[in-house]
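First comes one chain, alone, set out as structure tokens in the form predicted alone.
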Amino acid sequence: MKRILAISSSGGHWEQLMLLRDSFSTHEVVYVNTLQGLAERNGIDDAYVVPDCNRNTPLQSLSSAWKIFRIILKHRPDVIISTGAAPGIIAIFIGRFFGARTIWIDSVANSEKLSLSGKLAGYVAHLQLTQWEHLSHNGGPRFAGAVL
């Protein structure tokens, strides 16, 4: 049994993460999102909430990073998986320092090009996936199908 940290922002990122939820059923999973009450709507009672952030909100990004660091320090996940966005890439970056295997799945909404977080994931994630076959290439994100 692996310890998994599954993290995403709210909205479509979270919906895509929830579609993967059955895949984690035999593991110990800690969920993290950015909207109070969102996890409870999906029947998850013990999820963490961190501030949502992006490149235009540096102070919130620091606050989110600090909270994510503390969650990772407490749970020491073997695997970190994210469907985006900024809090997910922050978790992947921090998780690397703790020896976690990391998986980035770029949102299906990014059909024309990878998101900024998705591009950064190419440098830090062990596995970078796109949900669009035409965005995959050698040395870049791999296509393994779409979540939706």
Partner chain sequence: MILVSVGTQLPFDRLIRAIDDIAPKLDEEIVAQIGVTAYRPSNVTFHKTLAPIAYEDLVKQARVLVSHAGIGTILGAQKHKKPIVIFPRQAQFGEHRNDHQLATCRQLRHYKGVYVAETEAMLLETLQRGDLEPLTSSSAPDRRDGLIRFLRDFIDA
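Quick caveat, the model's predicted, so the values are computed rather than measured. Positions refer to the first chain, counted from 1.
The form predicted together with its partner chain is left out here; the points below concern that form.
Using a 4.5 Å cut-off to its partner chain in the model of the complex, each of G11, N54 and R142 places a heavy atom inside that distance. Contact annotation for A47: none of its heavy atoms lies within 4.5 Å of its partner chain in the model of the complex. Contact between K67 and its partner chain in the model of the complex is not found at the 4.5 Å heavy atom cutoff. When its partner chain is considered in the model of the complex, L62 lies well away from it, no heavy atom lying within 4.5 Å. Using a 4.5 angstroms threshold between heavy atoms, L38 counts as touching its partner chain in the model of the complex. Residues of 109 to 148 placing a heavy atom within 4.5 Å of its partner chain in the model of the complex, in sequence order: A109, S111, E112, H126, L127, L129, Q131, W132, H134, R142, F143, A144, G145, A146, V147, L148.
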